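This document starts with one chain, in the form predicted on its own, laid out as structure tokens.
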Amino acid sequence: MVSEKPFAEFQLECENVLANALEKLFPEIQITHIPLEKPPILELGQLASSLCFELAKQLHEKPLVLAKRLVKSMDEKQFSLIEHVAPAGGGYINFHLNFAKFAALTIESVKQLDEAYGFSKVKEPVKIIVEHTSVNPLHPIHIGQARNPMLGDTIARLLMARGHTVYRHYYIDDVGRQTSVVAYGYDKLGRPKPDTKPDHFIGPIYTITSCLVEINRLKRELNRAKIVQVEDEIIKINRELDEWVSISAELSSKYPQLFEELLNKISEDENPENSINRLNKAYEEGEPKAKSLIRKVSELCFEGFKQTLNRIDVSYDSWDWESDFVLGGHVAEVMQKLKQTPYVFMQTGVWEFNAEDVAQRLNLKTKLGLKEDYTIPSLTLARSDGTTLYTTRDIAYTLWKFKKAQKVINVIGVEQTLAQLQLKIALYALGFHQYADNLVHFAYNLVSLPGYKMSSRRGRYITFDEVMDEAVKRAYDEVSKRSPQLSDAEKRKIADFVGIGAVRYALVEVDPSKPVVFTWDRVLNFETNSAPYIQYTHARACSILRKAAKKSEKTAYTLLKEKIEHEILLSLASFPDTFIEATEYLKPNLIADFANSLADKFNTFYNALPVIKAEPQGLSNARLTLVDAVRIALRNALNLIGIVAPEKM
């Protein structure tokens, strides 16, 4: 027999046996749900029901008495995976597995399903867009942003393995002041060709230009404040100016030649801020020169992004340009439709969207998980010069996405929670209730490096490329230390997939709602809870199987009697259930937890018990099949996270 979900087979049998006993003893009692949970220790059984505590309230009997009566009335002819049932505690009913039958079911299922094991398919697959990464084309992807593609890619892999049709999208935010700033600086330099990786070339141009333009703006504001003699304003501007001058000194020291060239060129412009605003407005209006310039800069940066993401095995089905939705009239159309609702008003020359009013009129707060006394801030849709804001453009993009899919998942940092909420409310206001219901904001927390404070405005960040380079270098040193007999080519090959895998795992294994503290001693720990540790465990399983001579004797699963063997079997059998939970609730960290836990159990097993030399031969065969099942489950789990499962390390 082969089962997609071995542990679920046991659970279903327990439910049926208990339900039949209940109907036999108390036919008048109607129970819609039979509670079953895993006991805290293996000796208490593999599932336990607290049903008798609820029954006791209705029948006015002690829970333990009811438990004994129900167990006594059970028909043992219905037992297959159940070994025996016992009343326990104050009224629990504990179900104990027949581990010989369970081992046969689980291991044979793993072996026969092989690459498909664990990946239980959904009955009604849908089309889903997962939009992730979407880093602005201003500078290289840094470690603080790298969690997004790792989580987004893993979510896409999970959903695809579940049977859904998944499209990976990258939204290129090429509209707005920031892209106009970098394009302005790039243009001042004469639009040079990159002499380094393109995104690393563009990054300093953006940072220096932004700094110099801000200093110019603040100096003009200071002069105006001095003319009208507003003392508080003068103090405030001086404080900001001092900070930016400090930043400029840091950037001048870091990029002396580039800084000097940009300083000279920008100084020729009487009002750089106005020039940038004009460029921004011209781009939104589709002016050819502006479009050519900003697209060129953005494409340069994205060429670098693609190289980075390709290195870590992240790909996309679509690269969607934000400007296409502006220039194609989609954003203007959305603006017009919003203005026709009662929720948009003009305030101090700008268009505002009253999200609170929508939530009140449509009674959305409970549905959105908001407290009734929380006031949702209004959303500014457009500036006084007519240019739109990011969330306004995102409404048009979201409507476009829902023409291609039934569900949309936006992988965006927790700091964008309000913007994503306002986006969803705007969909409700426009009458797209089904779209809003199927729009998911997958929020995740920040990445931090102890002792290092990142600052984009200072150009102070550690790029994702640098992190991967360092990870591979450290992995090479570790592999050289552990396996000095390998050739240099073999060491470098192993170091690459170990280093890259270590980074991927570190950014996925923490609950998305919690911050990641990125430290090398944790990321590249070969002893516990890391990709190298799990990869090494997989390689160890492969090594055992290579060393074992082929045996023709039938496998005797009845000989797998050790507690750690039973724990491994339970872990293997529960993988499909873990996969379903991780996918349905978008918790990719559960897959990492599973792989790490199984690796722990396997290493305990390996260190405590003989496998190839186990006696009798039937026990050796049984343990070898268990090793093979672990190998398959670890490989499948690692593949979901996008990590190589090596046969040798």
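Start at 1 with the first residue shown and count on from there. The shown structure was predicted, so the numbers you read here are calculated from the model rather than taken from an experiment. Rigid core here is just the name for the largest C-alpha set that superposes within 1.5 Å across the two forms.
Keep in mind that the form predicted in complex with the RNA is missing from the display, and what follows is about it.
- The candidate site formed by 3, 79 and 438 is entirely out of contact with the RNA in the predicted complex, as no residue has a non-hydrogen atom within 4.5 angstroms of it.
- Although the partner is absent here, residue 432 lies well away from the RNA in the predicted complex, with no heavy atom inside 4.5 Å.
- Using a 4.5 angstroms threshold between heavy atoms, residue 478 counts as touching the RNA in the predicted complex.
- By the criterion of a heavy atom within 4.5 Å, residue 644 is excluded from the residues contacting the RNA in the predicted complex.
- In the predicted complex, at least one heavy atom of residue 176 sits within 4.5 Å of the RNA.
- In terms of contact with the RNA in the predicted complex, the residue from 367, 522, 219, 236 that brings a heavy atom within 4.5 Å is 522.
- Of the candidates 414, 113, 449, 189, 414 is the one whose heavy atoms come within 4.5 Å of the RNA in the predicted complex; the others do not.
- Of the stretches 261 to 269, 300 to 308, 69 to 77, 541 to 549, only 541 to 549 has residues with a heavy atom within 4.5 Å of the RNA in the predicted complex.
- If you take 625 to 649 and check each residue for a heavy atom within 4.5 Å of the RNA in the predicted complex, you get 647, 648, 649, in sequence order.
- Core-superposed comparison between this form and the one not shown: the C-alpha position of residue 270 differs by less than 2 Å.
- Core-superposed comparison between this form and the one not shown: the Cα of residue 451 travels 2 Å or more.
- Superposition on the rigid core between this form and the one not shown places the CA atom of residue 526 2 Å or more away from its counterpart.
- Compared with the form shown here, the Cα atoms of residue 603 and residue 518 move at least 3 Å farther apart in the predicted complex.
- Look at residue 471 and residue 451: in the predicted complex their Cα atoms move 3 Å or more farther apart than in this form.
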